[in-house]
Structures are given as structure tokens and as C-alpha cells.
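As C-alpha cells, the next two blocks hold two forms of the same chain, structure 1 and structure 2.
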Structure 1
Amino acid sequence: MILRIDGKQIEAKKWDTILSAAKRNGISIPSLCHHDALENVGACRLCVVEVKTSSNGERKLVTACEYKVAPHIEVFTHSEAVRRSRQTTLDLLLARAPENKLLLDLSRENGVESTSYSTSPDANECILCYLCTRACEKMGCNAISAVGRGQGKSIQPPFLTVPDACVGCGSCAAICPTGFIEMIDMPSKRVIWGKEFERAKCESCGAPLIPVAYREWAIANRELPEDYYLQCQECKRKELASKFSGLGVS
């Protein structure tokens, strides 16, 4: 189907959202909480664009990550209303995490230097984008959720105690855009959400691997032989190399 974004005619698929259609056509719309493998929740409001439908000609602000394309709609990604909405969103996000590099960069790109709101003493870098909770859900663990109220609200394990469902996979930390979720890998343990996970060891050289709990989870949840998880990468490569040289490959 055909639609227009900023006056440019583009081709979109019927399952596209404005964001996915724009991206495929090289038009960039800022976004924070969208991830291609996770369901959209429209949490950050940064991707807001203006849409004019042909039926009544009215223009309205919508989230590009959630709005499904329709034939002949017109999308504006740089109008005055969009600019103002984006600035307000960033102003509010910055109030939560005034020092955050990613947010500061995004804000400056959009003409916001610092937040005009007062920042709370319990503010932290969690911007409630829900990427971590959705990643956790995707893994099938559902170990974290939003906790608290108001400015102090953030993502945490329920009652601030890590449930057994958390296996220390680290997806939440990897996907967190602001670096709020801290994961520390030490030689013998991984610490995340304040919980310590003992790390498995390479059967051949003793190098630390993923947490034991995560390995058990993987064995139970993925159809792969158990011995795939026993060695570190270096040892696996060495074994491959010695197989190659044993074959006398030439």
C-alpha cells in the first residue's frame, strides 16, 4: 500500500506500523522502547508523529511504533506539533535521569538542553520503557516488573527479592537503554538485581561461563545436547583447530 511520510511517497506492507515502514524506507524516527522482537507498548512516547487520514483530514498525534499503516494516510515526522511533543517527552524523561548520556544526546538533538522539571531525590535511571520486562517475558521467566509509585517507580524484582524464576541470563541488563540495570560478572559469580549467581566453569580450562542456573535453564528450554554448554569458546575453538589439523587438511 502507498502512504506519504513527510511528503515522500512510500510503499508499506499491510502489517507495517508507521515506524517499521519508515525504517525500511530510510526515514528515521526516534524511539526508545520499541524493539523488533518484542511487543510494542508505547511507553516512551518518543516516536510520536502526526497522522492525517484521508477520511476527515484531521491531524492527530500517534505513536509510530504502535500505529498500523493504512492506505493514503499522510505522516509528518517533523511538524511543529511533533517537535513540541518530542521536546516535552524528553524534558520529562530527563527529569527522571538528568545525567544519562543517551537521554542527554537525544535531548540535545531535539533542542532540549536540560530538564525544566525538578528532579526527585529518589530518581534513578529507569525510564520505565519496559524493554527489560518484555525481554524477561520473552525468555519465559517473568521475574521483574514495575515497583513503587510516582517518581520512585522503577523496574525491580517483586518485593525487591529476586524470584527463583530469574536465572541470571542478563537479557534485561543487555537491553536496558540507560544502563540502569547493573550486571557484574566476576570470575566465580554474576551479580544482578543484588542476587549472586554461581558461574559454571569450562570443563577443560576452568574459565568462567554463564551462571549454573542459566545453563540448567538452557538445557531444559532449548533442544540442544547438554555437552554444548560445557566449554568456553576458546577451548571449543582449539578443539576445532586440532580436529582440522588432525585431519591433515591441506
Structure 2
Amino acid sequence: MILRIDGKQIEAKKWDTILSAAKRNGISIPSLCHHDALENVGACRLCVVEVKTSSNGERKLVTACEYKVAPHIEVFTHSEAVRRSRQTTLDLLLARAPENKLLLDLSRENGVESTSYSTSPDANECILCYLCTRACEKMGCNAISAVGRGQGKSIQPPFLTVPDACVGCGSCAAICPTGFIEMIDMPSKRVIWGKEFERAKCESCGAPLIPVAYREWAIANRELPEDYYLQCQECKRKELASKFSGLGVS
């Protein structure tokens, strides 16, 4: 299928969204809530583009991460309507996280120097993109969720307590685009969401590995053999190299 974006014809697959087709063809569309491993929800509204259909020439704003490609549509990623929409979105996001470097850089790239809204005294770097909660749900843990309403809405464990369901995998912290979720790794433990996890050690060199709770969860829920989780990557490579060396493979 041929898709036209900003006057350029690109090849798109029938299952593509505008965002995935654009990314594969080197066309940049900003987004803060998209990840290839998760379903699209259009939470951040930053990937808005303008679509023109050939049937009636109508132009409308859509989220590129959710809008499926179709024959005979034309996409505009930097039209005036798109520019205004992104500026409004970034203005609102900056009110939630006024000092976040990623947001400040994106805002300046799109002509927004600072938020025009008042910021809360306890403003933090959470922009409610829901990547963390979606990743946690995908893992099957559901240890965190959105709580509260309006400006007070935040991502927290249930009842604002230490989450029993958390296994310390760190997926939420790794996927967070603004660095809001704090995870502290020490040689003997990992701390996240106020919960401490003992870290397993490599059985060969003693290097710290993933938390014991996460290892037990992974052994029970993933298809990799149990011994996969007993060594660090460096020791795995050395052991594999030794096996190949013994076979005379170089």
C-alpha cells in the first residue's frame, strides 16, 4: 500500500498505523506514550497528525499511533493545525512537569518556551502517559495504577502502600519517558515503590543480578530454562565461548 506523508510517497503495510509506517520510513512524529511492545492508547496526544481523505477532501486531526493506514489518504505531520495542537499539548504537559528536560526540549522544538498554566507546588515529572501501568499489566502484575482525579491524579500502588504484587522487575522505571519512577540498584538489593528486593547473585562470579522475587516470577511465567537466570551475561558469554572452543569452533 502506498501512503503519502508530507508529499512523500512511502510503502506501508496493511496492518500499519501512521506512526509505525512513518517510523519505518524515517519520518519523525513525536510521541511520549508509544512503545512497540504495548498496545496504542493515544494518551499523550503528541503524535497528532492531520489526515486528508480522497473521498471528500475532509481534513481531520488524528493520533498517528492509533490511526490505521488506508488507501488514498494523505498525511500532514507539520501543518498549522498540527503545530497548534502540539503546542497546546506541550503547554499542558509542561504544567505537570515544568522542569523535565525531555519535555523542555520537545517544547522548544515546537515553539513553546514555558507553560502558560499555573503549576502545582508539588509538581513532579509524571505526565500520565500510562506506559508504566501498561507495562506492569502486560507483565501480569498490576502492581501500580492511576489513582485520584483531575490535577491530583497520579501513578501509585493500590491504596498508596508498598505494592504486594510488585516483583521488582523494573519495567515501569525502564519504560518511563521522563524518569519519574525512581529505582535504586545496590549490590545487595533493589528499591522501587518503597519496596526492597534482595538481588540474586551470579553463581559463577558473584555479580548482582535481578531481584530474587523477579527471578522466581520469571521462572514460573517465562519459557526460558531455570539455569538461564543463574549467571550474569558476561559469564554466559564466557561459558558459551568455552564450549565452542572445546568443539574447535573459532
Partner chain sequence: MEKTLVVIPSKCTGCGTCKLACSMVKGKGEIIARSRIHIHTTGPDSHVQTTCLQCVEAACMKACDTGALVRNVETGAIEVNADRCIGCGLCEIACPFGHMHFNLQTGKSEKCDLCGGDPACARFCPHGALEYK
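Along the sequence of structure 1, residues get numbers from 1 upward. Remember, predicted model here, so these are calculated numbers, not experimental data. If you superpose the two forms and keep the largest set of C-alpha atoms that fall within 1.5 Å, you have the rigid core.
Chain form predicted in complex with its partner chain, by structure number: Only structure 1 fits here, because that chain is the form predicted in complex with its partner chain.
Core-aligned C-alpha movement of residue 14 between structures 1 and 2, 2 Å or more: After core superposition, the displacement of the residue 14 C-alpha between structures 1 and 2 stays below 2 Å, so no.
Taking the rigid core as reference, does the Cα of residue 70 move 2 Å or more between structures 1 and 2? Not so; residue 70 is displaced by less than 2 Å.
Once the core is aligned, does residue 183 move its Cα by at least 2 Å between structures 1 and 2? No, its C-alpha moves less than 2 Å.
Once both forms sit on the same core, give the Cα displacement of residue 224 between structures 1 and 2 in angstrom. Its C-alpha shift, to one decimal, is 3.2 Å.
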